[in-house]
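We begin with a single chain expressed as structure tokens, specifically the form predicted on its own.
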Amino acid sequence: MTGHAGKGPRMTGRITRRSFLNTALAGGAAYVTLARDMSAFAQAGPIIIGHHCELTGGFASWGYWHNKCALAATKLINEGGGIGGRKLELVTEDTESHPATGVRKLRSLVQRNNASFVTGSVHSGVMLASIPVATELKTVYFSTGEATEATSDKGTRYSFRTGTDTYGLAAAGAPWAYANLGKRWTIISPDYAWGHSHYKEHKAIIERLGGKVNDPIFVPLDAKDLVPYLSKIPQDTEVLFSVFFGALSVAFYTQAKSMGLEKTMKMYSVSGTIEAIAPADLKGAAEGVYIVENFPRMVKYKDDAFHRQFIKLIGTDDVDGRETDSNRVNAKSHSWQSYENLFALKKAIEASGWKTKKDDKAVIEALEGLQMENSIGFPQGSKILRKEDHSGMIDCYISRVENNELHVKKKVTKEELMAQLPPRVDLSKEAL
């Protein structure tokens, strides 16, 4: 599936076609200036950015929001004059939440649709399969999934991520959870890259702190009945760390609740487990669960004009992240990346003076160490794209489900995280 954004009225800055015509009819020097600006916007040719998005398949409930956020960013950028005076054209391909399909669609974005840059997949399997292909095609690829390998041993000079990863999420939440929830852990997750990565990162921290991590319980992606897997959880477990998504999340929460697991152990997780799901829709099954969020779902915990403007742009409320004209719930801890990635590329393209693909080296160098200040372009908050591993250093939040709402209990700043997260690789030294 291929879609093109930005087909509404052409705009340059805040100048609509109507205002341009009104000025032209009025005559004067302004006519010449406006004519020149609009001509440049139209004639320089668009900058095509691909969106590698899960519109269907297991991650479709997330992909809907990644697509909506990317479209909102595209509209805002074009209304502000585009990128370096050129129109941004967003071209979207559906990965179908499948690695092999995702690779084929990535090639289509670059080779058929001429995308110069790509904001990429939130599905860790698709993301990790795509990075070698993007590198082969010499195309900057922004991952939005969390498997740390994308900005570690599987990363390249072309791979970036504005959001955090399993390495960062473990550092943000595991020490607090160890101190406050319990010291003997069991980890249950889907049997794929994201879950395996979380297990590895959390196990390392808990054991370093002196805790015990039981053998992991990996669940097939097509499982419907989780009771056989939940029954394997050791009785001495103090903290049950779960990593699921979509329908598997619903099955986990409801079936764990029916078994009364929360009565004997603390339930701990990351935002992906409850992405695109309102706690109220689980009818109390998630009550008391601790969640590490990448962006507070409740606006009051990061209450600023940029955050409020962002949720207005994408049409959600300030409590559940629910779409104002439907029952959909924003996958908010991840979908902001497809929005901010476009502004990060705009910032790097304009700073480097990029005109064509031959200038990609300058864009990559501009992205390495890029600082992004909290603004309408970066509503999640100020952050840095670390030079060495191309990883986003962001604020994280430890929240708890209380009365069917996600209430922040602790903010972990990007500065605190950077002190705990030395880069494991230096991708900036790779030749281009």
Partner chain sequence: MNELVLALAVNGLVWGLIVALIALGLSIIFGLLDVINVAHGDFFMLGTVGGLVVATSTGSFWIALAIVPLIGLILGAVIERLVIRPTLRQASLTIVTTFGLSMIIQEVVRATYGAQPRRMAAPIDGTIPLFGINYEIYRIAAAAFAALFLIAFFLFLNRTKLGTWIRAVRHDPETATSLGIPVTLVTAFTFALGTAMALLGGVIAAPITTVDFRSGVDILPVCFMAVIIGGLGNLQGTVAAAIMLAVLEGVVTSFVDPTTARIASLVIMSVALLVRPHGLFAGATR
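Owing to the predicted nature of the structure, the values given are computational and were not obtained by experimental measurement. Numbering follows the first chain given and starts at 1.
There is another form of this protein, the form predicted together with the partner chain, and it is not shown here; the text below is about that form.
Here the chain stands by itself, but in the predicted complex one stretch of 392 to 400, 60 to 68, 372 to 380, 45 to 53, 60 to 68, has heavy atoms within 4.5 Å of the partner chain.
For a residue to qualify, one of its non-hydrogen atoms must sit within 4.5 Å of the partner chain in the predicted complex; none of I384, K387 and L432 qualifies. Interface membership of R328, defined by any non-hydrogen atom within 4.5 Å of the partner chain in the predicted complex, is confirmed. A residue is said to contact a partner when one of its heavy atoms sits within 4.5 Å of a partner heavy atom; W176 fails this definition for the partner chain in the predicted complex, lying far away.
Mapping the unseen interface onto this chain, D304 falls outside it, with no heavy atom inside 4.5 Å of the partner chain in the predicted complex.
The shortest heavy atom separation between P220 and the partner chain in the predicted complex is within 4.5 Å. Site annotation in the predicted complex: the residue of K232, R208, K300, K358 reaching within 4.5 Å of the partner chain with a heavy atom is K232. A single residue from the set Q309, N180, N214, T254 has any heavy atom within 4.5 angstroms of the partner chain in the predicted complex; that residue is T254. Residues of 177 to 213 placing a heavy atom within 4.5 Å of the partner chain in the predicted complex: D191 alone.
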